[in-house]
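This document starts with one chain, in the form predicted on its own, laid out as structure tokens.
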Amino acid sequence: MSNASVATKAGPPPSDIPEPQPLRKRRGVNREGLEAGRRSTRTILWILLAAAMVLYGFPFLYLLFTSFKTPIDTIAVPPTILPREWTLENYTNALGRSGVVASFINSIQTAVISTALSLVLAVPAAYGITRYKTPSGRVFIMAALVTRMVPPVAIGIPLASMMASVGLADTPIALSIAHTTISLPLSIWLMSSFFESVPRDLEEAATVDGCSRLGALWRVVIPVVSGGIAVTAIFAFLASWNEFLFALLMTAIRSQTTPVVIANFQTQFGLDWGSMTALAAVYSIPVILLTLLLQRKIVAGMTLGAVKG
């Protein structure tokens, strides 16, 4: 039987069977679907980020707007977000009060000393814990974290009594030591995680070149973790800059910090909300500037050890 007769008996191919699409076209459809999914994911992430920024930023913006309100607008019911009448009277009243400039100086001194003490103690402690990995080191870092769970008021009163017994009452040094007890456990924990991300090969190469362990730490490891040190310094500085309870218990007149001074802004009618918000806004400026100046170091520290190879 010839091929022509076989083809005639078989008949033409059924028309309801779809022809296979080209491979390129199917790949294009898949790519379009993936791109659409990625765009929708990005949109959701941006919406969540915007919502988080609004939630975190609204209290500060409300504080900032309140600092420009008149005394009547600050206690208006219902409250308004934007001032009906903008004024700088609150700033002039707050900055013109006695003791405000001195409180700023005390806050800066206390925060700087506390941050320096935290770094000087946390860097060698964290380095020893991560490099030697002894059981006592693990117990030490766990104990340091447990101390963060103790309420500050439980150690604030004994610390105030101890500082008064050694003649350091109402001094920035005493308050700095008290603030170090808050920031040091967190500083040790942060620096330990940063030191863990540094390969040991760098130190071994430095020792081959003639460096001692201390020399390798200072010349090799410290420059590598400089971003982590900046992050730790920011957290230690903030812990001292924003602390209120120890400053209330351990200071009287000479070494009062700005948070205590802000809490004392009162009039015969109640709290002076306008002056309080104005001074709080001014008090936020150094922290914002410090964060902007150390922005690159902070980003480098937060990504330290994220990429290994």
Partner chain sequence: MSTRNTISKLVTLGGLCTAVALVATGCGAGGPAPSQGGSGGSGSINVLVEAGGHAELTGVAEQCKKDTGIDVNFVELPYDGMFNRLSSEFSSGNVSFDVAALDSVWLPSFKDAVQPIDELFTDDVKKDIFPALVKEANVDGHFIGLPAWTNAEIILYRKDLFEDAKNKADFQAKYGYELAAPKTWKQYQDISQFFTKDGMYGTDVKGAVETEWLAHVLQAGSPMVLDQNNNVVIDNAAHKEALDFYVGLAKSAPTGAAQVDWAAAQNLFNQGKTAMTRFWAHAYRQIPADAPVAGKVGAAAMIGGSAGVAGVPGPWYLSVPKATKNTDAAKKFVKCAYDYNSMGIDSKLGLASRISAFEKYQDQPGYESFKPLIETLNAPATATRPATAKWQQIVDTVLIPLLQKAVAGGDTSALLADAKKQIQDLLK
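Residue numbers count along the first chain shown, from 1. As the structure is a computational prediction, the values presented were derived from the model and not from experiment.
Although not depicted, the form predicted together with its partner chain is the subject of the following passage.
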Taking 4.5 Å between heavy atoms as the contact cutoff, choose which of Ser161, Ser136, Ser212, Thr92 touches its partner chain in the predicted bound form.
Ser161
Of Leu82, Val146, Ala76, Ala154, which residue is found within 4.5 angstroms of its partner chain in the predicted bound form when only non-hydrogen atoms are counted?
Ala76
Report whether the minimum heavy atom distance between Asn106 and its partner chain in the predicted bound form is within 4.5 Å.
yes
So, Ala205 and its partner chain: in the predicted bound form, are they within 4.5 Å at any heavy atom pair?
no
May I ask you to check whether Pro124 falls inside a 4.5 Å heavy atom distance of its partner chain in the predicted bound form?
no
4.5 angstroms heavy atom contact with its partner chain in the predicted bound form for Leu290
yes
Using a 4.5 Å heavy atom cut-off, are Thr70, Ser165 and Leu249 all in contact with its partner chain in the predicted bound form?
yes
Where does its partner chain sit in the predicted bound form: which of 128 to 136, 108 to 116, 220 to 228, 181 to 189, heavy atoms within 4.5 Å?
108 to 116
